[in-house]
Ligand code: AMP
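Just one chain follows, in the form predicted on its own, and it is written as structure tokens.
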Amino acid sequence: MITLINNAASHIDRVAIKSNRKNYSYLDLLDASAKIAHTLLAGRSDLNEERIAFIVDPSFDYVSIQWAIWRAGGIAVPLCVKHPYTSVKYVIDDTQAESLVYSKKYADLVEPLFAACHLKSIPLDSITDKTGGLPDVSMDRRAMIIYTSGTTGAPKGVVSTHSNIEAQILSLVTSWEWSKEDHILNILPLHHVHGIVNILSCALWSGACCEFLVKFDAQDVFDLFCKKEINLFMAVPTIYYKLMNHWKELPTHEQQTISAALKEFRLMVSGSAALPISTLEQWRHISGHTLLERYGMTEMGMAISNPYNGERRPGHIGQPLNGVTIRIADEQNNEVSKDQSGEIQVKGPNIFKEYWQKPEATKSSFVDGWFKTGDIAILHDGYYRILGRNSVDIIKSGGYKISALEIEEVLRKHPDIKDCGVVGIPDPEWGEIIGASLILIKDNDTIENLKSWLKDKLPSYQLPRRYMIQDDLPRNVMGKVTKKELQRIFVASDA
């Protein structure tokens, strides 16, 4: 049986979900998901791992559909509400989904799919109040397919079993000390493990409350915080940056009210992208909290985290989470000694089962049972520190391996730089040269002045050779800079 759902019976009367200004209990969630499960089964006894896609806003309906798919024996395929039709169709085609559950808001977007694909249409408002038995779903069954961002080709469907998801939840519930008294705000996309597992599933496993805010608005977030019901918050660095900027624009008395409310939180986490140290320090000034940085991937959930109790070291991702084993390996997949850089490789029950219908890609992602993350890090004094991703953040120039993230951290210390992105640009002489895209706070600085400023802060081989000024960096829906797209922009500007 699916432990996450069975746990709900221990919390029947507690509030599970707050969305659209309504409270929903664990009993409401069990009842709603059972009703949808029977509609999906349509008289069958078991979906037997049929893929069921769904597209609704983050809400009680989202959770009910996700649980319904699992309770009926299907594989949940959450679709991104911000993706265009072509991206949605790619996922439908690739998974060969049997059915698509959708809310009225997305009816126009998905309507062409039913003519183009062998796909059953299930509008959310068509769910009927059917009853009957539900299958006994084993934990080793496939439970969910989430698509990667596709930075190295077409997006791949990451398949996780119920056991994988449970292991991911347990490592966080144990390491971050979740309890039924917790109340967390979820403003993240629900086609990504950050929103699905770290927030939603951990809360529901613990008997806690998950509150949804469909559309991010800094003032709305602060208004909710000031009610003093929420005691956990997890977000990406871009969100913290937006919250800080809004706070700075408020009158002093409002700033003080918000800061007082933030100080009462139990935990605040940042992830899904590198957290600039400057952001960490500014947020600590506003909230009194040192953001807990952690590291994970779609393929494994979370694997490494700064400690809940203990030193949270800025610029570091921390230590292995409960139940997860980590090693740093060289290009020949041999474990390196401490203080040497290499690829993060991971073992544990949290690791995904496979890439959907891509056996060769699955096989090449493992070596001797270790999952190869493609991220380069170093272990120093008991803490791991990310140097970059080997495909986009490690620049190979003139025989040097250079961390783009380290250069970005230096650039962000310049008073006129709001944000930046550093990438390697193909070059026949050097292999790659360093390109820096800058988002400026004000335009009163020249590139020549910046070059002079950098000379005292970086060795010559780490100095950018190309600069570009942009209004904003290319980002995905999680706010993460898409380095491949940034590289393409640099290359195109040379053409």
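Residues carry their position along the shown sequence, with the first being 1. None of these values were measured; they are calculated from a predicted model. C-alpha atoms forming the largest set that superposes within 1.5 Å between two forms make up the rigid core.
Although not depicted, the form predicted in complex with the named molecule is the subject of the following passage.
Student: Okay, which stretch from 279-287, 356-364, 388-396, 101-109 lines the named molecule in the predicted complex, with non-hydrogen atoms inside 4.5 Å?
Tutor: Among the listed stretches, the partner-contacting one is 388-396.
Student: Report yes if all three of 295, 317 and 375 come within 4.5 Å of the named molecule in the predicted complex by some heavy atom, otherwise no.
Tutor: Contact check passed for all of 295, 317 and 375.
Student: Given that the partner is absent here, does residue 274 sit within 4.5 Å of the named molecule in the predicted complex, heavy atoms only?
Tutor: So residue 274 counts as contacting the named molecule.
Student: Using the partner position in the predicted complex, report whether residue 163 sits within 4.5 Å of the named molecule, counting heavy atoms only.
Tutor: Answer no; every heavy atom of residue 163 is more than 4.5 Å from the named molecule in the predicted complex.
Student: Is there any non-hydrogen atom of residue 401 lying within 4.5 Å of the named molecule in the predicted complex?
Tutor: Output for residue 401 is yes: heavy atoms within 4.5 Å of the named molecule.
Student: Can you work out whether residue 148 and the named molecule are in contact in the predicted complex, taking contact to mean some heavy atom pair no more than 4.5 Å apart?
Tutor: Yes, residue 148 sits close enough to the named molecule in the predicted complex that at least one of its heavy atoms falls within 4.5 Å.
Student: Taking the rigid core as the reference frame, tell me whether residue 400 has a CA displacement of 2 angstroms or more between this form and the one not shown.
Tutor: Yes, because once the rigid core is superposed, the C-alpha of residue 400 moves 2 Å or more between this form and the one not shown.
Student: Once the core is aligned, does residue 432 move its Cα by at least 2 Å between this form and the one not shown?
Tutor: Yes, residue 432 moves 2 Å or more.
Student: Given that the CA-CA distance for residue 402 and residue 269 shifts by 3 Å or more in the predicted complex, does it become closer or farther?
Tutor: Closer in the predicted complex, by 3 Å or more.
Student: Relative to what's shown here, the Cα pair residue 338 and residue 400 differs by 3 Å or more in the predicted complex. Does it come closer or drift farther?
Tutor: Their C-alpha distance grows by at least 3 Å in the predicted complex.
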